[in-house]
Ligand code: 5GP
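This document opens with one chain alone, in structure tokens, the form predicted alone.
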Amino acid sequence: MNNFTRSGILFVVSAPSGAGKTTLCTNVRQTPDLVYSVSCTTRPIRPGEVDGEDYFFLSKADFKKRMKAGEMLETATVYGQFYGTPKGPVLEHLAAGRDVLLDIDVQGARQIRASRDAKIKEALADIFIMPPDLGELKRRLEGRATDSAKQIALRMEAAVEEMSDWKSYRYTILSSSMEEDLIKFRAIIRAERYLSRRLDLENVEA
């Protein structure tokens, strides 16, 4: 009898702020065989967020200390705040055959694609969530009611640059409804799990 085994897949998801990435990832992470990698950030915690579940909320001094020690897989500076992914837990999950989901900015995705770590390169499957248009993106940002008009203007300006990066990703999902986006996302997950290059064949005697 033949048994297939594989190492974990690193699903990296990026999108302009307001494109629905966080909500999409929140739904996808309910899948029991997918590990959500909790990022670190220096931004203030928002109402309803939980430290250690949504982010690890760190001081800037602590964040810089971890960066210097080489403990981050990627880092990014967004609107004056630091974001980053702890490297150790990601590598441990991948080695154990567990798939990992990263919800990160395009800056961080670029760093991961440029990684010299062979295990990261082999595991990577990056996905970009493209909003239908800038008008819809602005409506979504305004609908969140979490940002000032000035912050929304800054996010819209950044979105134009971020959206130009879509061709760098292996997959692009043109966002529509959350239900349809989730179907597309799960289809990508299934396809990646059946790629022949990700599988190892073990012979097991009956």
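From 1 onward, residues are counted along the sequence shown. Quick caveat, the model's predicted, so the values are computed rather than measured.
Although not depicted, the form predicted in complex with the ligand is the subject of the following passage.
The partner is absent here, but in the model of the complex a heavy atom of 76, alone among 101, 120, 76, 130, sits within 4.5 Å of the ligand. A heavy atom within 4.5 Å of the ligand in the model of the complex is found for exactly one of 150, 46, 167, 68: 46. Using a 4.5 angstroms heavy atom cutoff to the ligand in the model of the complex, all of 15, 84 and 105 count as contacting. Interface membership of residue 42, defined by any non-hydrogen atom within 4.5 Å of the ligand in the model of the complex, is ruled out.
Although the partner is absent from this view, residue 55 contacts the ligand in the model of the complex, with a non-hydrogen atom inside 4.5 angstroms. Shown here without the ligand, the chain has no residue in 181-198 lying with a heavy atom within 4.5 Å of that partner in the model of the complex.
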